[in-house]
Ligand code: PBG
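A single chain, nothing else alongside it, follows as structure tokens in the form predicted alone.
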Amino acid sequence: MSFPIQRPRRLRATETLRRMVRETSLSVDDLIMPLFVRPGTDVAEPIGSMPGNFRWSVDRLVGECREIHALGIPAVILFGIPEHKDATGSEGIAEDGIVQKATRALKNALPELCVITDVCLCEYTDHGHCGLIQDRDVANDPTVELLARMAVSHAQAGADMVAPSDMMDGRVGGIRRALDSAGFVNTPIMSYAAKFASAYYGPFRDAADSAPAFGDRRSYQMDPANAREAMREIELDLAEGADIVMVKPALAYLDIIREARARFDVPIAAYNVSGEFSMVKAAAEKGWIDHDRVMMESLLSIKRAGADLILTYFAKDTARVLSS
């Protein structure tokens, strides 16, 4: 008998065979495209640290979303850059706030596109933190009240889903109660349930002009060393009414995604964040890596770990590769 008897390479011999036995697949249906919207008209302002991404005025955002929708990407998530910032992030809650305007425009132009809105105050506060400041710290409960009002204002504008990203204790429950009381019982919540205090967020803070003016966010975002705590956070958010739970960032936290998939029988999202995106873009620009192969391998690893949905700035690039 020849050695070896088992030859796994037999099923790797051709592309057809590899396709037939492939265990994990990536689909355009898995993708959510993050977008930044700002005041103005006919504005597409490049974001230097995030190649190919822009701060869009509402009119140009609609055109961008037409392209996204035509590629088959089912959803976008909106981040607002207001004209004015203040200590309470008041423009984030205003009926005529930038995300509220953008949501109305998108739902009018593209009713089939799923519009998700980020619910957080950091983009709207002049201090850059995710809530109200008392004694140089973020006050949890008063912040939850504002977040609930923001979520309702987004739902009133037509948002299909709200996504609280602040990491305040109890905010999912507060938002769920506020949505239900306002008649939005069918508006789902995608909670940033396990959001870590990561250094991978740098380009996003450049894009949203949301870096903290003092201190950092480690008193409310999670310690990167903690996995058991992440499971506890997810469990709490589900008990408060979260419909989808998210792990953020994705690539450095694949173990968290895998553990969440094993424990919880709910949809799991993962955020392939700005730093993860920009590192690939920078290395590809240098000619050090194959952009498309590394992009697809990265996203496939997130899916293989157990994510059902992937928020990624690669969404358009990925859709084009998948359709080629």
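Start at 1 with the first residue shown and count on from there. None of the values given here were measured: they were computed from a predicted structure.
Absent from the display: the form predicted in complex with the ligand. The rest refers to it.
* To do: Could you work out which of V273, A269, M33, L61 is the residue within 4.5 angstroms of the ligand in the predicted bound form, going by heavy atoms?
  => Selected option: V273.
Listed residue (A102, C120, A151, A194) with a non-hydrogen atom within 4.5 angstroms of the ligand in the predicted bound form: Exactly one listed residue reaches within 4.5 Å, namely C120.
- Heavy atom to heavy atom, is T125 within 4.5 Å of the ligand in the predicted bound form? Result no; T125 lies far from the ligand in the predicted bound form.
With the partner left out here, check for me: in the predicted bound form, does some heavy atom of K107 sit within 4.5 Å of the ligand? Judged by the heavy-atom cut-off of 4.5 Å, K107 is well away from the ligand in the predicted bound form.
| request: Find out whether any non-hydrogen atom of R176 is located within 4.5 angstroms of the ligand in the predicted bound form, and reply yes or no. | output: Although the ligand is absent here, R176 would stay clear of it in the predicted bound form, with no heavy atoms inside 4.5 Å.
Should S165 be counted as a contact of the ligand in the predicted bound form, where contact means heavy atoms within 4.5 Å?
Yes, S165 lies within 4.5 Å of the ligand in the predicted bound form.
| message | If contact means a heavy atom within 4.5 Å, which one of 132-140, 91-99, 194-202, 151-159 is the stretch that engages the ligand in the predicted bound form? | response | Only one stretch passes the 4.5 Å heavy-atom test: 194-202.
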